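One chain is shown next in structure tokens, namely the form predicted on its own.
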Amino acid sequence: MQTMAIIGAQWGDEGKGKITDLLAEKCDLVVRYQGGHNAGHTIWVNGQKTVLHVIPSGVLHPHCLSVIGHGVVLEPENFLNELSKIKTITNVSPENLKLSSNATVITSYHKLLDAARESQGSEKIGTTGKGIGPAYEDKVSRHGIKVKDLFDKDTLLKKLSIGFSEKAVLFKHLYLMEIPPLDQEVDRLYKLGMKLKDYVTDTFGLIDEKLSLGKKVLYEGAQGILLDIDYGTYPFVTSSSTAGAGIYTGAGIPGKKLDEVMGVAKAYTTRVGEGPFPTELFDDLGAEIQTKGHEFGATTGRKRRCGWLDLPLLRYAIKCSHLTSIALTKLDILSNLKDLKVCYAYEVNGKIIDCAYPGMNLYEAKPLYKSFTPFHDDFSGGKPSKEFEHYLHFIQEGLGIPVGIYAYGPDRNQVVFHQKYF
């Protein structure tokens, strides 16, 4: 295969960074195509933890070209800070890290607006408050600042002024806040632009060139399909296309198609922030999974809500992103639990439904469970137990696609491949 995508099949936090890092060893490019520094992709190598936010998870492989596509929203200061930290771990330069000139810039106004809305709004969405949503709003309304605009002060001033007057009124009269003067923000962004300029290029053209040369390209998604602006549990979603369609709009596969689309899913389900969650556990078992699984956001530190694996939601994710295989992570967290269940369908208004199609009121969905004999595997290299194999077989049969990879710990070597990739 030449092209592959790794996409979160739940509400994010599934372990995409680990899987991307594993497969990046066999690839020439790793491409991020949406989201921003609200992502937190954690990679463990020989006991050393690395958390990436906007830089692709292939960066720890020096031979691999890391690409940030035009569908990403970029906060320049955060990018440079992250870059500085990564340089203490591995060799990063404009030779192996590229940033799209057409990526949309997150300004100070976006971050302030995001925080003001979340703190004062009547219905909280549960955003990270990092300016992601407001930046995408400006992009869609054609008022966005692009990375290439940072290199010319006159252009930057002209484009930033377009939306400034509207934002100034909002902050002054609605949120009762002072915001940085326009000339101050222009100066700040220009200086940051000069520092990142060497990394900037036409990434669409770059991907086109590499594909035509037969290079292997791995596309890395952020968040998860259920947080997609169109396919997710709206309005409790992020502001970008996290599903497979976002690859075509946020980076491109010039003249090619995806050979493999892997959905990454935890062996249970988690969610950060607000919104429906049919299999959520409110008892001691839910607290045990949260503690044992260290279920705290890598970016925000917020506790993740925990529940049983939800097959109706995964079936939906498979359909809307054409997933061809699953990477199942964190199986070690379920080992030795006193109880083990999987939601195989919902009961909604007296009907049995096995796929969570859009428009369904998930607050009314009563999960139907199959109970399993708990497994007690330590995954140390011995033969898997019959209980574990039964659990895994049920998931594969229920989804209709293979579990190509399963992971039982955070490190690179704590995985089992059931399918060959690249």
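Small disclaimer: the values here were computed from a predicted structure and weren't measured. Residues carry their position along the shown sequence, with the first being 1.
The protein also exists as the form predicted together with 6-O-phosphoryl inosine monophosphate (IMO); that form is not presented, and the subsequent description refers to it.
**Student:** Counting only heavy atoms and a 4.5 Å cutoff, which of 85 to 93, 315 to 323, 160 to 168, 231 to 239 contacts 6-O-phosphoryl inosine monophosphate (IMO) in the predicted bound form?
**Tutor:** Comparing against 6-O-phosphoryl inosine monophosphate (IMO) in the predicted bound form, the contact stretch is 231 to 239.
**Student:** Flag residue 132 as yes or no: does it have a non-hydrogen atom within 4.5 angstroms of any non-hydrogen atom of 6-O-phosphoryl inosine monophosphate (IMO) in the predicted bound form?
**Tutor:** Because a heavy atom of residue 132 falls inside 4.5 Å of 6-O-phosphoryl inosine monophosphate (IMO) in the predicted bound form, the answer is yes.
**Student:** Can you check whether residue 70 is within 4.5 Å of 6-O-phosphoryl inosine monophosphate (IMO) in the predicted bound form, heavy atom basis?
**Tutor:** Taking the distances in the predicted bound form, the answer for residue 70 is no, it never comes within 4.5 Å of 6-O-phosphoryl inosine monophosphate (IMO).
**Student:** Please run the contact check for residue 21 against 6-O-phosphoryl inosine monophosphate (IMO) in the predicted bound form: heavy atoms, 4.5 angstroms, yes or no?
**Tutor:** Flag for residue 21 set to no.
**Student:** Is residue 223 close to 6-O-phosphoryl inosine monophosphate (IMO) in the predicted bound form, meaning a heavy atom pair under 4.5 Å apart or at it?
**Tutor:** Heavy-atom contact with 6-O-phosphoryl inosine monophosphate (IMO) at 4.5 Å: present for residue 223.
**Student:** Just give me the single entry in 289, 211, 272, 247 that has a non-hydrogen atom within 4.5 angstroms of 6-O-phosphoryl inosine monophosphate (IMO) in the predicted bound form.
**Tutor:** Only one listed residue qualifies here, and that residue is 272.
**Student:** Looking at 207, 227, 311, 99 here, can you tell me which has any non-hydrogen atom within 4.5 angstroms of 6-O-phosphoryl inosine monophosphate (IMO) in the predicted bound form?
**Tutor:** Of 207, 227, 311, 99, the residue with a heavy atom within 4.5 Å of 6-O-phosphoryl inosine monophosphate (IMO) in the predicted bound form is 227.
**Student:** In the predicted bound form, which residues of 30 to 57 put a heavy atom within 4.5 Å of 6-O-phosphoryl inosine monophosphate (IMO)?
**Tutor:** Read in sequence order, the residues that approach 6-O-phosphoryl inosine monophosphate (IMO) (within 4.5 Å, in the predicted bound form) are 38, 39, 40, 41.
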